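Encoded as structure tokens, the following chain is the form predicted on its own, with no partner shown.
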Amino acid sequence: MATWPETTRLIGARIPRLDGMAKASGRAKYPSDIRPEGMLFGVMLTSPHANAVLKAVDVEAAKKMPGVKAVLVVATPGEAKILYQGQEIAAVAAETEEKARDAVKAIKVEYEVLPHVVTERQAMAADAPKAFPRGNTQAGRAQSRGKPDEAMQKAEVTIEGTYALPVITHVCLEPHGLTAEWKGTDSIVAYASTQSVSGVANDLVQNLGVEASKVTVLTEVMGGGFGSKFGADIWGVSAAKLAKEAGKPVRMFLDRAQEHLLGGNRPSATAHVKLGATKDGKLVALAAETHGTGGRGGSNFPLPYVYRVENSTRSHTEVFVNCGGARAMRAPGHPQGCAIMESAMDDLAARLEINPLELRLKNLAENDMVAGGINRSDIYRDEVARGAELIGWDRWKPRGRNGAGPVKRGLGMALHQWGGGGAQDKQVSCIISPDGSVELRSATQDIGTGARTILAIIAAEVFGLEVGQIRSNIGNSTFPPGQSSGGSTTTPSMAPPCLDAAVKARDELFKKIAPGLDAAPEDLSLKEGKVLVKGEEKLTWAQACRKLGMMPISVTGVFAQGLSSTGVGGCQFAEVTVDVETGVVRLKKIVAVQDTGLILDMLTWRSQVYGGVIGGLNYAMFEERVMDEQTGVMLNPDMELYKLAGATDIPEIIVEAYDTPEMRSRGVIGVGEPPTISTAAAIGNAVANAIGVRVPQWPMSPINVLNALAKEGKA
């Protein structure tokens, strides 16, 4: 069985990604850049109404428009119920994008407009219209542990607070979509911006009625997904059908407004939380009433979070609104649960006049065991100590004691955790050719995390080659089954079969060339591009491969136990300044300390953490879907009014890997999700520390800060 090498040359080093220069120089071709010969442009017609019955669709005028090659109605009049602004109605393919957009405008649609609810306030109002057959709300399963009522009554100190986070939408730089090209009458190739080439292929098979062997989905690189790009979706299937009808390739990518409306979102979360504790800060009870909206789907999130609470009760209500549906977004549910729990913990610390860092350490479980016999509480203590040192926590002062002027400085912190883990049915093939080239193949994809580079590092480590000598060929659905990229599962799913494939290929090479060297295969080793026999150089890698003659070595690696694991944690600290006269929050510094088992490439690992923190600070400071209750439309579906951080909004970010021998022995664990979880919570706590008042509503915008100050009579 393959095992990770005890000493490494490449694994764990800082290695630039293989496609970095191509991406930085603009040479990399993203799916939306692909232009097959004769390609047509597809445009979706979507509903302007939030709630309606589709009565009729007339596409005859559109079909007669100049340059229009195909028109498709995707919602059936008389049957389709329109449930949100942006729902797909029809699609057009034309010679230019402008002609396609003109044709979409020529489609006549008759709606019966119905009353809508587009915010939680609107949906939960006593006189709200019933926008959904089963009602606008649905009670979730109540959770209870221990004796929460009795424990709360006996608590020496209690605090109560309401905390709320808004819906935020996916904002991938490359929009959702694909270009479909038929090869003959029964084979199709799709160039898709996706986190799952196999998922898109399966969708096309099911919706087009073609054989699986006739579908190829290609994703060489892609411009961000964050959990929202796992399938072909209606627009992708429409592109394929339009291409079939027109007899030409069709490119169908959403525009920016459609991205906000159709591309998925992170559900909102609101919680009224009551904590009970002893005078010395030991949690004894938690009671929470929570709700949120994921459109027409779920919005639940973990609570309690991280900390051990022996007695707790929680009820959750799903709120349904006439808006686009939720999709997974980097660490689904955890940023919301973390922000709510960590805010309540900080408020409890303020009430008790205890340093919030000490309160957190006091309430970790004595034993929080995760895979590999690791006590995560011990890891948290080490990580918190390191994070406190890096942020300068010794400068922390109690709330409201941060200067007499209008600009206040504050420090905050938060802890997070994630499961992760890998699938056990994925494969990687490895081909060593007589010309010395090495190729890895698998139907996984690189969504910007460095997956291509990591697989090459593993093979190069085994073969004693440089990373650039390995061709990491992924992003093709016809290759051996690979992992869809979500939930921080790609690396722990793909690294084990990659190592297995490389080791098998190396051993096969040794078997073939050992007789010619008058040696046994076990006497051979590889180092720095050379073949060694009992430690003595005998051949170069190229010379050894030429001895294969005309027959390359081709093997397939599979998952092996012990090479990957689950269960990680981390902590983040934030330093901010807040102008109490304007409500403007400035981020000064963020520290992220993270554990993730064996780190394969320290450079791409750090890149992942930086990206996670930046995503988290956007959630904390800027992002918010704004709906108009009167018209039912989104007011900020663009890149102007939907705010994101600019370069000058990014503070100093210190990334610290909790990289110890104990961690490395756990094997590979993904890092995509964890570092984005606790950023918003840490920033919210830093703002409260600065101004002496909890800002209960995210983002930490000037209006929310000033409202919180005014409520406490401090504006």
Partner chain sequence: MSDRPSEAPATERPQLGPPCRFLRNKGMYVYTDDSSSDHASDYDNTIFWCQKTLKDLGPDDGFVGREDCREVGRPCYESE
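Remember, it's a predicted structure, so these values are computed and weren't measured experimentally. Numbering follows the first chain given and starts at 1.
The same protein also has a form predicted in complex with its partner chain, omitted here; what follows describes it.
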Quick one: find which of 631-639, 210-218, 422-430, 173-181 has residues within 4.5 Å of its partner chain in the predicted bound form by heavy atom distance. 422-430
I need to confirm a contact call. Of 545, 531, 269, 326, which residue comes within 4.5 Å of its partner chain in the predicted bound form, counting heavy atoms only? 326
From 489, 472, 193, 119: within 4.5 Å of its partner chain in the predicted bound form by heavy atoms is 489
Is it true that 374, 589 and 656, all three, sit within 4.5 Å of its partner chain in the predicted bound form, judged by heavy atoms? no
Is there a non-hydrogen atom of residue 505 within 4.5 angstroms of a non-hydrogen atom of its partner chain in the predicted bound form? no
Proximity of residue 334 to its partner chain in the predicted bound form, heavy atoms at 4.5 Å: yes
In the predicted bound form, does residue 79 have a heavy atom within 4.5 Å of its partner chain? yes
Report whether the minimum heavy atom distance between residue 476 and its partner chain in the predicted bound form is within 4.5 Å. no
When its partner chain is considered in the predicted bound form, the residues of 104-137 having a heavy atom within 4.5 Å of it are 124, 132, 134, 137
